[in-house]
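Taking the form predicted alone, here's one chain by itself in structure tokens.
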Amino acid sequence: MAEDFKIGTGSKEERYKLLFAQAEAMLRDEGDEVAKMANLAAMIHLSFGFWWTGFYRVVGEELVLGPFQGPVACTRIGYGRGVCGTAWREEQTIIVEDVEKFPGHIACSSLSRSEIVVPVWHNDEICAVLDIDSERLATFDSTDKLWLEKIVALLK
């Protein structure tokens, strides 16, 4: 089944539309949140070939590493720290064109150059964040924001 989610062709918008439909079908009957996050991270990662794609779950006052695809990552991130903690605190998606210019950026890998972090909402609270890193500068834009917010909403 993984071969169904290889890096696609077509516009970014077309690739996200296809990914959304596939994710919606795959997640529809699954009740376990970790299983959903695991498959969703793999689907996004394989569809776009990002450097790192994964979730950090809210556990108390910190984010704890959840399902991911890519190299070894930071295990815990404090509330308001780095891009992930800031997205959690500000309750909004954050796009960083150059991580070296983000105050307080947590460098889990020196190869990461740009990043997007999307809050995952459940019962009017953030329960996790989706974190995606790219090896290229300015990878993410409003199209990524729009579609990734729609995709993580499938986790409800």
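All residue numbers refer to positions in the sequence shown, first residue = 1. This one's a predicted model, so the numbers in the text were calculated from it and none came from an experiment.
One more form of this protein should be noted, the form predicted in complex with a small molecule, which is absent from this view; the next part is about it.
- For residue 88, no non-hydrogen atom is located within 4.5 Å of the small molecule in the predicted complex, even though that partner is not displayed.
- Put simply, residue 56 is close to the small molecule in the predicted complex: some heavy atom of it is within 4.5 Å.
- Among residues of the shown chain, residue 105 is one whose heavy atoms approach the small molecule to within 4.5 Å in the predicted complex.
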